[in-house]
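Below sits a lone chain in structure tokens, taken as the form predicted on its own.
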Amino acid sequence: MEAVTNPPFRKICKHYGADVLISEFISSDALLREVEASKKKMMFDDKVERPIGIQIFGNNEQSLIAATEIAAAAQPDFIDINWGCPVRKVAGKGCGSGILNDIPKMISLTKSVVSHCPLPVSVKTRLGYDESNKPVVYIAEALQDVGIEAISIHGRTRAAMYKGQADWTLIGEVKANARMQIPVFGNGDIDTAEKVVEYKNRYGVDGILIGRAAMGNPFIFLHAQQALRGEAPTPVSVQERIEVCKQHLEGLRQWRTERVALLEMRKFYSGYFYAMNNFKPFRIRLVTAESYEEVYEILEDVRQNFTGYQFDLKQQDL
């Protein structure tokens, strides 16, 4: 969730019902080099964003220990180790899910982080490296034994990247393991509130992580909370979507440079206005807009053209 889960978007997600927030993942090596962009990723609003975890990644023991100490000094609620990112520039260096090729090292590095961290430590990982190597049941138990206090599992291997359908079967096996005492969270393909309830009940997990489905659709947290309580979903009007979209854009404008914020916002428009019939011409205008003034003009056109638009509640989420 690089360039997604920054403070402007996290605050919106929190407002709509996200229980726990996670920072963008941060390179341990970059923290040691005092790279400003990486240091900035540790910033959060103490009054709004708790509970929050700072997520780090790396594959060198001393770097991870030092980065953990730096991150802990920012006083989040916990530190999360990313053993799950599958992208080549991360996994190819033995970081993220690349560590799944060397389970003993994964366990050893995690133990070192836990032993040097004054805060609770959690781990995000995947089922294994590829279809022939999916030892996540053993991994979860071993990580618990070295002291982590929660584990989040994405239902794909590193080799699968984000292709195909997430397999939650092994996530369910981890949770069903009688030796597991720590919370187990599931992740992968949760794109509707109904799936939150269905997967939580089917696999018995302690919680659900929502990532890509929240991009431009923070309302999924509202609908998930309602579904978990057995309530009907509250429709999110076009007017509200426009206002939240503006809030997000303004937040990015303050967090990033104006030009970068304008470009980064483009990946969110489809989510904010998902399932709106005949919206494609407006989306094209939004993702090609070259100024804030132009974006606001387009959003005003959206307001005028879709006033009173009735959403199909079954299509409220991605």
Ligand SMILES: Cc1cc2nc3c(=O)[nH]c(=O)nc-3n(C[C@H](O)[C@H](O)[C@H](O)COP(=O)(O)O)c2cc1C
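Predicted model, so just to flag it, every value in this text is computed and none were measured. From 1 onward, residues are counted along the sequence shown.
The discussion below concerns the form predicted together with the named molecule, not included here.
**Q** Tell me, out of Lys124, His248, Lys175, Arg158, which residue has a non-hydrogen atom within 4.5 angstroms of the named molecule in the predicted complex.
**A** Checked against the cut-off, the match is Lys124.
**Q** Give me the residue from Met180, Leu209, Val244, Ala74 that has a heavy atom within 4.5 Å of the named molecule in the predicted complex.
**A** For this set of options, the contacting one is Leu209.
**Q** Counting only non-hydrogen atoms, choose the one of 185 to 193, 134 to 142, 104 to 112, 225 to 233 that falls within 4.5 Å of the named molecule in the predicted complex.
**A** Heavy atoms within 4.5 Å of the named molecule in the predicted complex occur in 185 to 193.
**Q** Is there any non-hydrogen atom of Ser27 lying within 4.5 Å of the named molecule in the predicted complex?
**A** Contact with the named molecule, no.
**Q** Even though the named molecule is not shown here, does Gln55 get within 4.5 Å of it in the predicted complex, heavy atoms only?
**A** Yes, Gln55 lies within 4.5 Å of the named molecule in the predicted complex.
**Q** If you apply a 4.5 angstroms heavy atom cut-off, which residues in 144 to 171 are near the named molecule in the predicted complex?
**A** Read in sequence order, the residues that approach the named molecule (within 4.5 Å, in the predicted complex) are His154, Tyr162.
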